[in-house]
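Below you'll find only one chain, the form predicted alone, shown as structure tokens.
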Amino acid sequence: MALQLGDDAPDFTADSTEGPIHLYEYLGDSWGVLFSHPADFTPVCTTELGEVARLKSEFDKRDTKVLGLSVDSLESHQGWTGDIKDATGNTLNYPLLADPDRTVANAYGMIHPNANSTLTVRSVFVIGPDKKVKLTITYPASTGRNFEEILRVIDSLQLTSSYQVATPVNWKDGEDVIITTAVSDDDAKGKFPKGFRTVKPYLRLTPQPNR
């Protein structure tokens, strides 16, 4: 059965380009992003891994640890890192997990037999400090991911885990947010001292509370 939001993220130990990784120990109290790519030495994957390396400091700012994975061997990963640097100008600066026996891929449902029975699809899992799955996204092998969007979602997840707010369409960090319907107008006056604007009784906007 596929992992769903709120499920425990399966723990595992796997070899990586930075040594053995025990997921829960590696994440500690941080957030995490686990993303799979179909295969080493392939064009779309090369661009993706280089882009995540470029954005590593942005994940760090969000106390978020990144892990890549494919069902290729550690030796294959190590041979590929030079190509990633040559093609994208970015050096791999986060662990790339080797999963040749598909233990992690199967635990996370990263192999979709109707798409490809042997390779992982482009899965993304955001894992909270409580080790719960907070986000899942699945792309086909032919479509590269937008990791700026994944950073945007992490901003939303981290904000909404601390305040009784939701983020509207196309929201970006620093913009107004929505007060959840569980908060009454009277309570909102105390919880959101910057004030709020009522568009509809169920749609109230307030400045981002942690800004």
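Position 1 is the first residue in the sequence shown; the rest follow in order. In this text, all values refer to a predicted model and were calculated from it rather than measured experimentally.
Keep in mind that the form predicted together with a small molecule is not shown, yet the notes after this line are about it.
Residue in contact with the small molecule in the model of the complex (any heavy atom within 4.5 Å), chosen from V124, A141, I111, V133: A141. Residue-level contacts in the model of the complex: of V44, L157, L151, V183, one residue has a heavy atom within 4.5 Å of the small molecule, and it is V44. Looking at G68, you'd find every heavy atom of it more than 4.5 angstroms from the small molecule in the model of the complex.
For G32, no non-hydrogen atom is located within 4.5 Å of the small molecule in the model of the complex, even though that partner is not displayed. Stretch 34-42 is the contacting one of 157-165, 34-42, 51-59, 170-178, since its residues have non-hydrogen atoms within 4.5 Å of the small molecule in the model of the complex.
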